[in-house]
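Read the single chain below, which is given as structure tokens and is the form predicted on its own.
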């Protein structure tokens, strides 16, 4: 029994790394634009279909496709904000929120029309590969996803903390008008931050695809998880997104062991409610 629990714990940590990467994009967008991106799940679905098409039509491994898909999703996110969301909303937070909801509805229905409602999967040389460590059998795709996710999270933190562009993003997030007086254009920074947040989804999609399915509804599987992680870690907190992702991954995995695979995700909803009740600012959020 102990071995089963340890295996569930390790599996939860591995999948939690990818959850953290998905949530990083969401928390970055919230931290800069101060809105919840309702299109997050739908854009993850777009990224997963892009990786799937590259694998099916071009024979490109999802891992090899990661830079391509990430850059493509950055361009899509930047263009969406620059030419659609930003213009429709005219800079008003409520209007931005509704604009992202509209983007989600359009993307979901567009991909449902093109691809139908069937689920799709791909197989790589590593799809069923396992790494044996003592009594544990670790899924190689999940292990790769965990390591790459943490590496990308660290790189994103370093970019935000150490580069001039990162400092500009943080300045606009804290005080847009003050940043404007210093020669920074907030509208461009908003588009850049949105693009970076969506690029995180491109990377996450490539890491998920070897061990997960893709369909026009797949974004719904991850959107509640991402929102819960952001709330748990603290809205706008990078360390909170990483820690929250790992905690939610463990909660889901152990919940599946106790309640069964179909009822395991209930634990995520219970965590979400508990955080809202007892620690609404999250683990790393500042008290107001």
Partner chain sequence: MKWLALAILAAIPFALPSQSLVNIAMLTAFSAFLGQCWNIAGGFGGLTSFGHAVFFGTGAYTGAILQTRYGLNPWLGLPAGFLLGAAVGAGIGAASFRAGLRGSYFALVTLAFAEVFRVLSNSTDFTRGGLGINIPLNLSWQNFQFADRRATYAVVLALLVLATAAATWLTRSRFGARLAALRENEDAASALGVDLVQTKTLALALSGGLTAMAGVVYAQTYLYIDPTIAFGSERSVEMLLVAMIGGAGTVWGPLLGAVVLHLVADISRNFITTPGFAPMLYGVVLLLIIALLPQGLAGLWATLRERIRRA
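Nothing here was measured: the structure is a model prediction, and the numbers come from that model. Numbering follows the first chain given and starts at 1.
Only in words, not in the display: the form predicted together with the partner chain, which the text now covers.
Is residue 109 one of the residues lying within 4.5 Å of the partner chain in the predicted complex, judged by heavy atom distances? Judged by the heavy-atom cut-off of 4.5 Å, residue 109 is in contact with the partner chain in the predicted complex.
Is residue 186 part of the interface with the partner chain in the predicted complex - any heavy atom within 4.5 Å? Outside the cut-off, so no.
Is residue 94 near the partner chain? Define near as a heavy atom within 4.5 Å, in the predicted complex. Residue-level check for residue 94: yes, a contact with the partner chain.
With the cut-off set at 4.5 Å between non-hydrogen atoms, does residue 30 touch the partner chain in the predicted complex? Heavy-atom contact with the partner chain at 4.5 Å: present for residue 30.
Indicate whether the candidate residues 79, 196 and 283 are all in contact with the partner chain in the predicted complex, with contact defined as any heavy atom within 4.5 Å. No, the candidate spot makes no contact with the partner chain.
Have a look at 243, 60, 68, 235 for me and say which one sits with a heavy atom within 4.5 Å of the partner chain in the predicted complex. Flagged contact: 235.
Residue among 160, 179, 148, 98 with a heavy atom within 4.5 Å of the partner chain in the predicted complex: Comparing distances to the partner chain in the predicted complex, the residue within 4.5 Å is 98.
Only one of 199 to 207, 168 to 176, 82 to 90, 152 to 160 has heavy atoms within 4.5 Å of the partner chain in the predicted complex; I'd like to know which. Partner-contacting stretch among the options: 82 to 90.
Heavy atom within 4.5 Å of the partner chain in the predicted complex: which residues of 120 to 154 qualify? Not one residue comes within 4.5 Å of the partner.
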